[in-house]
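The chain that follows stands alone, in the form predicted alone, written as structure tokens.
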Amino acid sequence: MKRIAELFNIEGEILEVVPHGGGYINDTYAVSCQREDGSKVRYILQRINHDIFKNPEALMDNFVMVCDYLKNIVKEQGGDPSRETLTVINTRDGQNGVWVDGNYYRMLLFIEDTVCYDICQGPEDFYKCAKAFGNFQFMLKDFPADKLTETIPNFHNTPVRFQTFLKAVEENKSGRAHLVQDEINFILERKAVTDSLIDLLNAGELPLKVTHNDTKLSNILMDVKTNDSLCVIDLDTIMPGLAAYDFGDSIRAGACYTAEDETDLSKVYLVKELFEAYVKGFIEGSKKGLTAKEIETLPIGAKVITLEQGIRFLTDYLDGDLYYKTQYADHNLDRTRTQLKLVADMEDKWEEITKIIEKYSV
């Protein structure tokens, strides 16, 4: 990894390269360097999983275009672009990344004095996270979406995910389908849910925007000194999408005080206080730039994206755990069950959460 890191335009001598973070998809390392004056600087080195991201060069073109655009916006707002946006470190020959031994690598400047959370610490933190993602969408409102490559085709196309799931059930490559019939039936009964947002988009009732498409809490860096949201990270899936996608994925991942693989399902439920905090922050962060229909469909986004993630986890479980990194045999099944439990709880609380939406839509 040191040999690979040295291919990038880093400052100083490399002291160490160590694994960093716990992402499901890419392999991530922290690279520590010492400059000639004795000061230290760190970088993030990542191996992009090209089994998932088939065209990493196009992904990095998206990445750099968006980061450069955001840096200009942050400067206009009087912020610090080196901390409030990601900085891509080019290779020594000026490229966005490099192929080494059949793998593609990129490097980013490490943003110091930050932390990210896998599980929400409380409504105030979740509100700050919501404002960050709402503002992220607002800052990109004038970005030309047609310049972006679709890094994972049909990423949040839930009807396509549903069809892929049906194929996985039929093929049953892992031989596990008989173990998860209740989960399969739960998804089959909600086929209409999977169509709902795409139908509204196709009918012209929802606008297509530049969206992050992976807005979980852990993709926000928080300033350790102020505990304010600082920087949106993990831009690999930034593509054209719907506001409801970004809202929904945050609710799925953050409006619950349990991990994504919690095995005690009695602990898995939508926390209304967290949901309300996120609604308030997301609408404020977007500077009220959402249409009335977009706001109305935010809870639908939460339900659709949570169900979609359950579909994806169960599909991978049936296919033999090929997509997500797993730590034990039923890891994807445990992840599936938390998502489906959240969907069921949203349905039970539907009247309450729609009233929360109405409260902040005025």
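Note that the structure is predicted; figures quoted are calculated from it, not measured. Don't overthink the numbering: it's just position in the shown sequence, from 1.
Not on display, but discussed next: the form predicted in complex with a small molecule.
A residue is said to contact a partner when one of its heavy atoms sits within 4.5 Å of a partner heavy atom; Gln309 meets this definition for the small molecule in the model of the complex. Interface membership of Tyr117, defined by any non-hydrogen atom within 4.5 Å of the small molecule in the model of the complex, is ruled out. The closest heavy atom approach of Gly23 to the small molecule in the model of the complex falls within 4.5 Å.
Contact annotation for Phe138: none of its heavy atoms lies within 4.5 Å of the small molecule in the model of the complex.
Stretch 229 to 237 is the answer when you ask which of 264 to 272, 79 to 87, 175 to 183, 229 to 237 has residues with heavy atoms within 4.5 Å of the small molecule in the model of the complex. Residue-level contacts in the model of the complex: of Phe63, Phe53, Tyr29, Tyr69, one residue has a heavy atom within 4.5 Å of the small molecule, and it is Phe53. This chain is drawn without the small molecule; in the model of the complex, the residue among Lys216, Lys280, Lys209, Lys128 with a heavy atom within 4.5 Å of it is Lys216.
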